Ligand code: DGL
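Single chain ahead, written as structure tokens, the form predicted alone.
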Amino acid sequence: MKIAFFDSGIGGLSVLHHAMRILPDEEFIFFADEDNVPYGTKPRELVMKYVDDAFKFLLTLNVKAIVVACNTATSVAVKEMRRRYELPIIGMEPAIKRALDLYGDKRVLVTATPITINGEKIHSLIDRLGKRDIVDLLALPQLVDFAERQDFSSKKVADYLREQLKPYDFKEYSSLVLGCTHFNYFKDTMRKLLPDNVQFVDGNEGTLKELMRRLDLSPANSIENHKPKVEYYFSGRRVTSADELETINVYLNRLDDMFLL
């Protein structure tokens, strides 16, 4: 079964990376809209167009489902994509409910792109949960640019995070929600700036559980001797060059290092 993973850039590799571990017998397409990344600081109408263009391309590849492995694209466009297209479409939401379920009623800091932080979808979710008094929102747009440049732990990255996180008394927090798939690359740098009581939570596991439910898939018992087939596309162009494939491999190796943090 051919399953597509779509993101504005390479952040969605973190969702694909998890899928490759638990569904190694499936066939995957990964589409990164590298011509138009980042989405999170652009007008919503433009993001809607980018997402629709990507969907139209992916449907030419005969995919059976599309995972929108991008919180920003989910916030802006998933509802409309489900209206336009009939195949299963699985989106990403910041894992606020999961953080509250796991760690009780201590404060939660949700990090994401500006378009997600300011969108109606995330605010409606917080209101439904009835936890607005303990959920804080923080946009970290520069992390997307850092990730796209493979700059994960430089002094510049650490200084940016230190400045953005400075206003928060993390003794009062249980968790930091990674509400953008690009943010998973920075767990080790963030870990150095956060006390041990603050845990990372992302939406990858929940998204893949929903994918498996919709497609009636079961996780593999073992990934030994299993290597998923993956085709990579950058804004509709098949990735075939050794340099570009090696760049993707660098990101996947980075995700291996971040997996247990």
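One rule holds for the numbers: they count along the sequence shown, beginning at 1. None of the values given here were measured: they were computed from a predicted structure.
Omitted here: the form predicted together with the named molecule. The next part is about that form.
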Quick one: does Thr113 come within 4.5 Å of the named molecule in the predicted bound form, counting heavy atoms only? yes
Does the named molecule get within 4.5 angstroms of any non-hydrogen atom of Val108 in the predicted bound form? no
Using the partner position in the predicted bound form, report whether Tyr39 sits within 4.5 Å of the named molecule, counting heavy atoms only. yes
Would Ile90 count as touching the named molecule in the predicted bound form under a 4.5 Å heavy atom rule? no
Within 4.5 Å of the named molecule in the predicted bound form, heavy atoms considered, which of Val76, Leu176, Val144, Ala95? Val144
At 4.5 Å between heavy atoms, only one of the stretches 149 to 157, 119 to 127, 68 to 76, 164 to 172 reaches the named molecule in the predicted bound form; which one is it? 68 to 76
